[in-house]
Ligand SMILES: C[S@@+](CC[C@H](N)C(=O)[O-])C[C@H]1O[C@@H](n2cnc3c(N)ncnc32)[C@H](O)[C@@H]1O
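What follows is one chain in structure tokens, specifically the form predicted alone.
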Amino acid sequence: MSAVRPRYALYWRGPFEERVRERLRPGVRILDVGSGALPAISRAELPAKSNYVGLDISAAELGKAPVGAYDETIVADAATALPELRRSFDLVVSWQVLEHVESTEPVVANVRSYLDAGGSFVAMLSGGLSPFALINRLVPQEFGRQLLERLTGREPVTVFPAHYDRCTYRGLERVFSRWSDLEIQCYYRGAGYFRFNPVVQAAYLALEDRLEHARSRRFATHYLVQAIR
């Protein structure tokens, strides 16, 4: 697959990590929203005198993170405003989290309030109109977890409910309308969900090729968001 489709040969987290690195500097204050057990930034990458805070709704997930991964942790729903965090950060990061929140708007509004002037938000999320997202919406949650385990090898406990609220190009534009600057990059990379059947996967890849060629922003499988407060 990767031999004929260069997009699948690229390191998947590369674009996200590159955008984050561009914003790292000594003393930077970072909030990681929803990464829990898997911090979006490794301790080795953090600049001197930085402060890296992990926010997650689950204390158990935060507790699974490597020792010393975060300087501080906060157990809270990302959709609940925390006034004490207002203007406390220079950078907020989020890896594959926004598609899981019930309502994206309050989360994005909270993130904006937590950023100091000129602060940035870098987030990667799954598109709400991708084939796997549509399938995910149609099947019961427990069955969906079992199906993902069978198709992708993921443990059911690592599969969290996804709502895909505003997880489209236009939806994101609306949610970030108050921000001073916004860039949304589209990606087309969902074939891994169909590897259980080579025929189905080939059909999907043919469709995905057309979407990428047409630059169909509406049906992108993933979006990389870069926004400035």
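Predicted, not measured: the structure shown is a model, and the values here were computed from it. From 1 onward, residues are counted along the sequence shown.
Not on display, but discussed next: the form predicted together with this ligand.
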### Query
Is there any non-hydrogen atom of A203 lying within 4.5 Å of this ligand in the predicted complex?
no
### Message
Is it the case that R112, even though its partner is missing from this view, gets within 4.5 Å of this ligand in the predicted complex, heavy atoms only?
### Response
no
### Task
Look up in the predicted complex whether L85 has a non-hydrogen atom within 4.5 angstroms of this ligand, and give yes or no.
no
### Query
Does Q185 reach this ligand in the predicted complex if we count a contact as any heavy atom within 4.5 Å?
no
### Message
Among the candidate stretches 177-185, 54-62, 164-172, 190-198, which one is within 4.5 Å of this ligand in the predicted complex when only heavy atoms are counted?
### Response
54-62
### Summary
Answer key: of E105, D77, D116, D71, within 4.5 Å of this ligand in the predicted complex (heavy atoms) is D77
### Summary
Restricting to 21-46, the residues within 4.5 Å of this ligand in the predicted complex through any heavy atom are G34, S35, G36, L38
